[in-house]
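Here's a solo chain for you in structure tokens, the form predicted alone.
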Amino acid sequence: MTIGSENALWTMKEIGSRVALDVESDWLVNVGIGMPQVAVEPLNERGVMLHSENGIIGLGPSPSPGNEDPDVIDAGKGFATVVAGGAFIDSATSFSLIRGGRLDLALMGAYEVSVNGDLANWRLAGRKIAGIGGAADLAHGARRVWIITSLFANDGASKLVQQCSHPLTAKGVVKRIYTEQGIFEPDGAAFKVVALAGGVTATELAIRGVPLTD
């Protein structure tokens, strides 16, 4: 299956489709807030069961305008839907699934990921935030952690780094990163290129500060 143009960066929709292709149909997958939401619809289309940490098993796509239910929201407080056969559970049960290793995959956003798979995604250095929420539970509890993010921050710095400069969410948990420029995996010394978007080269990314394997 070909996704995207041969000479263009991947769109968010294309990234979501690429993630869905790599997910096994019988996995239970947590979809985090923000950019990971692009994977909801393609995963729904494949019949993958989705989990939202606030208490939904069977998370569906965002409702169409005018069909929002104020009692059905996702972990990011956005309007959500529930697929046929889905269920609502209390917070204690939801987090027992997370902490008990029942999630096959957690899709999360990131500020930084290190070559060791360390994840920083809950607070930027020097900024205050109310709390880490369920990020640490998901990062440690899921069997796999994949990241969906832009490759570069607003200041142009690579989010894939030798060592994280922002407060860590968890150490050594990230297995794969999906971006508009390509797909990468940390190998302990650098990042292995799994795939690159059209027109993107490893040499170009290395020049821009992405630590890649030779």
Partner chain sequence: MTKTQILASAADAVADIPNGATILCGGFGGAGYPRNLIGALASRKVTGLTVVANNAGHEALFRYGGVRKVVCSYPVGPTSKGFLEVLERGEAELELEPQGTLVERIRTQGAGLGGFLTQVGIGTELAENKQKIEIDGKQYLICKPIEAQYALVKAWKADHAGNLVYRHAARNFNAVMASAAPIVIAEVSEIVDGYLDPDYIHTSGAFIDRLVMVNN
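Numbering follows the first chain given and starts at 1. Predicted model only: the values in this text are computed from it and were never measured. Take the two forms, find the largest set of C-alpha atoms that superpose within 1.5 Å, and that set is the rigid core.
Just so you know, the form predicted together with its partner chain exists too; it's not on screen, but the next bit is about it.
If you check in the predicted bound form, is Asp104 within 4.5 Å of its partner chain, heavy atoms only? It does not: once its partner chain is placed as it appears in the predicted bound form, Asp104 has no heavy atom within 4.5 Å of it.
Can you work out whether Pro167 and its partner chain are in contact in the predicted bound form, taking contact to mean some heavy atom pair no more than 4.5 Å apart? Yes, Pro167 is a contact residue.
Classify Ile56 as contacting or not contacting its partner chain in the predicted bound form by the rule of any non-hydrogen atom within 4.5 angstroms, answering yes or no. Close contact exists here: in the predicted bound form, Ile56 approaches its partner chain to within 4.5 Å, heavy atoms only.
Should Phe79 be classed as touching its partner chain in the predicted bound form when contacts are defined as heavy atoms within 4.5 Å? Outside the cut-off, so no.
Let me test this: is every residue among Asp69, Phe88 and Ser91 within 4.5 Å of its partner chain in the predicted bound form, going by heavy atom positions? Every residue of the candidate spot has a heavy atom within 4.5 Å of its partner chain in the predicted bound form.
Counting only non-hydrogen atoms and a 4.5 Å cut-off, give the residues of 135 to 167 close to its partner chain in the predicted bound form. Heavy-atom contacts within 4.5 Å come from Ala136, Asp137, His140, Pro167.
After superposing the rigid core, is the C-alpha displacement of Asn67 2 Å or more between this form and the one not shown? It does shift by 2 Å or more.
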